[in-house]
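Presented as structure tokens, the chain that follows is alone, the form predicted on its own.
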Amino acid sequence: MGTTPQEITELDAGGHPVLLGAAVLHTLEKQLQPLKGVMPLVLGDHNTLQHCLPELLAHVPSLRGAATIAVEPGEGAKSLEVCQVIWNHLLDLAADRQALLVTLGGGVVTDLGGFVAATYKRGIRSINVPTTLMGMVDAAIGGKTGIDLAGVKNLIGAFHPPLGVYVHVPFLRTLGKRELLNGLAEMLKHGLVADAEHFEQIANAALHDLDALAPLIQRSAAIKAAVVRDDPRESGLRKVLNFGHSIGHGIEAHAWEGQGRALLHGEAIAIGMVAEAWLSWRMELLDREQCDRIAEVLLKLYPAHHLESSDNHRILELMRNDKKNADGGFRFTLLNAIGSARYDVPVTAAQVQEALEYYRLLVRK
């Protein structure tokens, strides 16, 4: 990691660089110029194409002639049906294997666009320009792409590293508090699994102050990039980044099925982290004081989510599709301490139900 006179920090994420700093879009323009003759395309949702594309084009003139492809905002865009629409659009544009797909959006857009790029004509190049906090610190980094199937998140996907990830923090001005908190959950996770001081700094961060948030974004991106660099295909160490996700994904999918307000990914992961921190204590890995501190921070930041005991069965069913499971059982990432995690810990369905009950009791107090 190093800083240049152009105020650029470059992180090594193994198969691709992650660039951050005041001049990052200028750097993107310089790196696109040698690709003249390549067909650029910009994929975004209706919000990012309206609010972020003008700023991107102002700084990156090489993209001003690019065709744009719009999808609806939200997790529903991550479907085979939407992929088919985009593939057909690329075909209509006569996009060849030298085409370059620039994804402009949050985790949904980079997950979807990356998968489209991985599969169209057996793979075209892509660049990620994340516009949400979730994208900047997590979703756009690492080369994982995917879409949902039958209510299971990221069931279909591929590893397809982009040419680069370009993090332009001012895009966050387009977001409301709920979207910022959505990404903050992944930053808190980074602290919990790798850096205790980072966790406490984020717990006390002022979300509205982008100047104060920028170095925390850089630290979270650096944690994610370092883990990906050491384990690009998630065969070992990268699993630490799944803390909170085993239960969190089950709760997120269950919320989509209900009649109430669907949870954002980070909101569900926050619940998962509370429950899985308690499991870490229950399994004598984490001390009770740290378990309580984690719950205190997360319950202060995120609204309580109503769960009934009768929901347990369906949540467990949804969790059984988790890609981390092995030998017919659950495999979790749990905490040894704030700032230290272990992966592939066997967990039973009964223990998951105890953790869900712990969360229920906490939010009823």
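Just so it is clear, the structure is predicted and the values come from calculations on it, not from any experiment. For every residue, the number given is its place in the sequence shown, counted from 1.
The next section is about a form of this same protein that is not shown, the form predicted together with a small molecule.
The closest non-hydrogen atom of D138 lies within 4.5 Å of the small molecule in the predicted bound form. Not displayed here, the small molecule is kept clear of R331 by more than 4.5 Å at the level of heavy atoms in the predicted bound form. Shown alone here, P73 lies within 4.5 Å of the small molecule in the predicted bound form, counting heavy atoms only. When the small molecule is considered in the predicted bound form, H198 lies well away from it, no heavy atom lying within 4.5 Å. A single residue from the set S126, S246, N182, S280 has any heavy atom within 4.5 angstroms of the small molecule in the predicted bound form; that residue is N182. Shown without its partner, this chain lists H305, R314, H59, H51 as candidates; in the predicted bound form, only H51 has a non-hydrogen atom within 4.5 angstroms of the small molecule. Screening 41-49, 295-303, 23-31, 59-67 for residues having heavy atoms within 4.5 Å of the small molecule in the predicted bound form returns a single hit, 41-49.
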